[in-house]
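Consider the single chain below, provided in structure tokens and representing the form predicted alone.
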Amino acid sequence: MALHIGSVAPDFTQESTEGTIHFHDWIGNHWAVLFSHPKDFTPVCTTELGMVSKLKAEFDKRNCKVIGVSVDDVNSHRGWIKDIEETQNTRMNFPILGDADRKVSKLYDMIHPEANDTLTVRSVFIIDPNKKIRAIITYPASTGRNFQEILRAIDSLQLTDKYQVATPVDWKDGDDVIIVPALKDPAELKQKFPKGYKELRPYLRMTPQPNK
């Protein structure tokens, strides 16, 4: 069955560069980002894994763990990590799952048979502490991901979970947000948004970010 936003993230047990991972247990009460790579020793993936290592503190600030997966085995990953660290001037600080049996790739529908029946596309799954998939982003193998956008998506999800708001186009943490249309009671609006709001249309009401 295809995975969708709102699906429970499939659980699995798999070996990684940091030992055996029992996925749901590993997530615990954190958010998580699971992201796939077509195979080891590929150029775009090397830059991506290096960037995530450099951004690890940003994911930590958001109570978010990161984990990669590639269809090669853990021994291959360990050799690749040396290249990542040397070429990207960083230290790997999160696990990469071995997936030579394609277990994780198949569970998360990462194989793109029309392009190649063994390599994974660049899939990103943002998963919340309830183990629900909250966002799915998929890129072709040739296009490197923008991890600032993935951090931005996590910021939006965490903000909109807590407040009755949505985030507009190109929103960044600290920008004004949109009050959800379902919220109509004036007294409730005043209580929830004491900084006030600007009504551009009855369905489009802008307010300062509530937690800033």
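It should be emphasised that the depicted structure is a prediction, and the values quoted were computed from it without experimental measurement. Don't overthink the numbering: it's just position in the shown sequence, from 1.
Omitted from view is the form predicted in complex with a small molecule, to which the following refers.
The contact residue chosen from G28, G174, P186, P43 relative to the small molecule in the model of the complex is P43, the criterion being a non-hydrogen atom within 4.5 angstroms. Between the options I126, I84, A141, V71, the residue in contact with the small molecule in the model of the complex by a heavy atom within 4.5 angstroms is A141. None of the heavy atoms of R134 is located within 4.5 Å of the small molecule in the model of the complex.
Taking non-hydrogen atoms only, P38 approaches the small molecule to within 4.5 angstroms in the model of the complex. Between 43-51, 150-158, 175-183, 58-66, the stretch whose residues reach within 4.5 angstroms of the small molecule in the model of the complex through a non-hydrogen atom is 43-51.
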